[in-house]
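Same protein, same chain, two forms; see structure 1 and structure 2 below, as structure tokens.
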Structure 1
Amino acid sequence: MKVKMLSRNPDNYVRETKLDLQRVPRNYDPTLHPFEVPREYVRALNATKLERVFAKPFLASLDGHRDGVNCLAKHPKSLATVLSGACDGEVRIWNLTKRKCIRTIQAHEGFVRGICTRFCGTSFFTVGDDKTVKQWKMDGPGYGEEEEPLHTILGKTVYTGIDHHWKEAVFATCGQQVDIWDEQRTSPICSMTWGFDSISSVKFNPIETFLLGSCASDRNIVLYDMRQATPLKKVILDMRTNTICWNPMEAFIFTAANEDYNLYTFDMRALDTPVMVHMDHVSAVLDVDYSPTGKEFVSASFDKSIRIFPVDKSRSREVYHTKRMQHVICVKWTSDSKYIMCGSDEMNIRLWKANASEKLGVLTSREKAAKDYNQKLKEKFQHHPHIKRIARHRHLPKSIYSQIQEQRIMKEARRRKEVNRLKHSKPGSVSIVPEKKKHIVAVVK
């Protein structure tokens, strides 16, 4: 004869110590929880509101430069070390944990136009208005030693930018042409040019390390392959591109910061149409840098703000500004993907959080679980109008806000004009140009 018995294991509901949390048995049958969705919605709404309450992205301001900050560089091996070059020829090395300048070098006469670190982190290179390329040791001089560069190359023209190869002892400079240099030689290995205007920036691809891209003041973005001595192809846009940045996770993708207030993400295999047009700035975009994850990038603009864009979205998810910050000239995303640095006209380098409401420091396991749960709730209800409105709302300075309204009116007028032209012309005589193709003039191979 079978006897049915109720058995309860005390391990399932009895605490081991007084400090443990009470274990609560839970039945996940949805019929027993008819108000689960309304309850989750309220939690998602509260999580979204709290995220905006705790959004305090500004961390620190590094001051010490006596002129506008013109360029920034990250140390490849040390998260705490940052290099900056100013418009008076001064280069400073900063320690981010102490938030102090640890070394100052008077590197050039006139502007420091570009700065980059060697891939091993032992030295760095600077170019300036005095037509020189200088290599410096990363460590300061010993006791009693003079602050001298390791090597100095005197060029024929002013160099406007520099970038180092990611794996080899090779670097590239740009000015009237793109020069590829070996570190041991005083003359370039090869010089590449296409067109006659000055080139403003040059960048090596971090994955396909032989590829490099440059942008010139005749509105071109030119791609080169170091293994052959001629350029690959170029795309001509409506207005000038200030700089480009390669995606560190996808070999063929790069983003260009343009004078027409937009950023364009291109796939180098199909340059005739950008993958995405990123629109939110209200003045020329001066610099762009990718997050190490390759999912987002940060842009610096002449409109005194920096914006963070997801790669696949045309609108920014975040905008940072302060009352004191003037035109932002350079921006960098740190290698741990947590912080953003920007250098601006009024001689300051500012440090920001990449996620405005993120809690810094060590999180307990319960804090992590709550954070992940809130994140999932926000994702689940992100398209609900009330939550969407709270999550999207940002306070903007009056100048930016009024310019956005003005541009919206202008855009609507252009759209209305196109619709009217289409309506009153012979069918097929007026072609509709999509937004992505409007700004591309030509692709030359």
Structure 2
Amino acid sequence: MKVKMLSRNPDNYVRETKLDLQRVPRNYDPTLHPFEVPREYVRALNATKLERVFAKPFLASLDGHRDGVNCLAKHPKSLATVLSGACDGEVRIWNLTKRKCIRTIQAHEGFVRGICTRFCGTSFFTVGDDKTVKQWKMDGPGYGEEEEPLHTILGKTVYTGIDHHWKEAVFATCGQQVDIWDEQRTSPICSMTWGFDSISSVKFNPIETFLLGSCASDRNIVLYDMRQATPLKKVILDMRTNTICWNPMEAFIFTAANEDYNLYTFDMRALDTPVMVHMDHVSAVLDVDYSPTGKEFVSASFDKSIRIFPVDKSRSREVYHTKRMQHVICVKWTSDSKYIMCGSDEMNIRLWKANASEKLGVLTSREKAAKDYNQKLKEKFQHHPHIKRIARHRHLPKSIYSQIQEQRIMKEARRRKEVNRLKHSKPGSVSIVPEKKKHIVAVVK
């Protein structure tokens, strides 16, 4: 007879000395790992709960301005520098790592309407209510020197916004019309206008750098081509857009922050329907900024909160609010896609984490692996009701919460009316307009 018994040599399974690692032989046979799915479900549940436990996004508040913060600008080369302009004409440069203001400039008399940095990071431009455009050096004045702008341009009308080209020495201002300026000249190289109303903001496209987008008071968004010096096309919405922001990863996508509490993501090639309508705010959306990954954006609203939306979803994934933070005027996502800065009415700039429960700093490889595993688990089981309920749960201030309930009732009433109209009219006489198209009035080429 031929016989062999299973006999293991303990030398192969037990470590030799106390200083060695333990030996862990692996066998991935599913019969040895019973209850895979329920165990993973319990782990996902724990991971979701822990995520909520560790969700502490607020980092710091930068104090110093003496009037509401009107605009923010990022330094293109330094992650730790941020510039802010206030409603009393003051411009401050902050160091985020030290959380201190490193420079203060009294730039304008009246509001600082817009601030933008040059792509090389050596200077920045500001526009104010005193009809001037000023260019300043990024480094402070030397010993014994006065705080003086490098260059001042006097205009005839009030400028309401400014943005610098991403590659060339050109910048654009908006006010009564959109002006394109060369840095060396004192008069614009071209002025573009379409319609008769004032323009509130202008933004250059970071990828197709000759494209510009602007928002006007007559509820339209106009796209311009700098090379041809003409406007390209415009889309007219229901209500006025406050700002737009171009997606840094997709050349033709931009998001518009609108007064009707929504944000609209458009594809500029087809402006007749927005790619997505983002509905979650309960008051006018004042500012929007994209994450450098191009997958998410943050929006600041008059309802004292900021929300983070994924580009492809219509609901926000995160909402940040504090009792002390009043109407949020401007918001920016830092260039390492980890932090969000928002400037608000009550003179403070706040720094938040983009992922609320993320651990900052250098992670060990085990921590990274555990974090990735938990992330994947949460993704796998995100639709199960218990886990969805926990992951979705956010505390909201009473004002926002009650506003949400009220607006839901109003929306329900409108929807019910529409459904009844549809039901009780001849089939085919009432056309069904999809939700996305409802907010667009017209597209003009």
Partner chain sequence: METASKPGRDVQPKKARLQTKKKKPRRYWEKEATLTAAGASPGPPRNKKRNRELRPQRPKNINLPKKSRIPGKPQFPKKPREQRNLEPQRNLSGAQDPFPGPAPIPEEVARKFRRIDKSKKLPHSKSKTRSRLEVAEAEEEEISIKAARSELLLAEEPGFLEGEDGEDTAKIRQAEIVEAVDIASAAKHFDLNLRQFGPYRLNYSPVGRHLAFGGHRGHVATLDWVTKRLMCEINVMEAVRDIRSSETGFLTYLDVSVGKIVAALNARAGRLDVMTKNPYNAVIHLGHSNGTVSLWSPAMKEPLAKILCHRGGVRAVAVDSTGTYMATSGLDHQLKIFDLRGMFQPLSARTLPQGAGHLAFSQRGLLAAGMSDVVNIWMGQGMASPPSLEQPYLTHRLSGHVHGLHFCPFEDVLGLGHSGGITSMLVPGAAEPNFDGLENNPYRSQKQRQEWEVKALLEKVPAELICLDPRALAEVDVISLEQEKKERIERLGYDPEAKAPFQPKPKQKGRSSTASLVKRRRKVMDKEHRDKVRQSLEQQPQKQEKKAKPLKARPSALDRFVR
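It should be emphasised that the depicted structure is a prediction, and the values quoted were computed from it without experimental measurement. We call the rigid core the largest set of C-alpha positions that still match within 1.5 Å between the two forms. Here, residue number means position along structure 1's sequence, counting from 1.
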Structure number, where the criterion is the form predicted together with its partner chain: 2
C-alpha of residue 23 off by 2 Å or more between the two structures on rigid core: yes
Displaced residue check between the two structures: residue 8, CA, 2 Å or over, core reference: yes
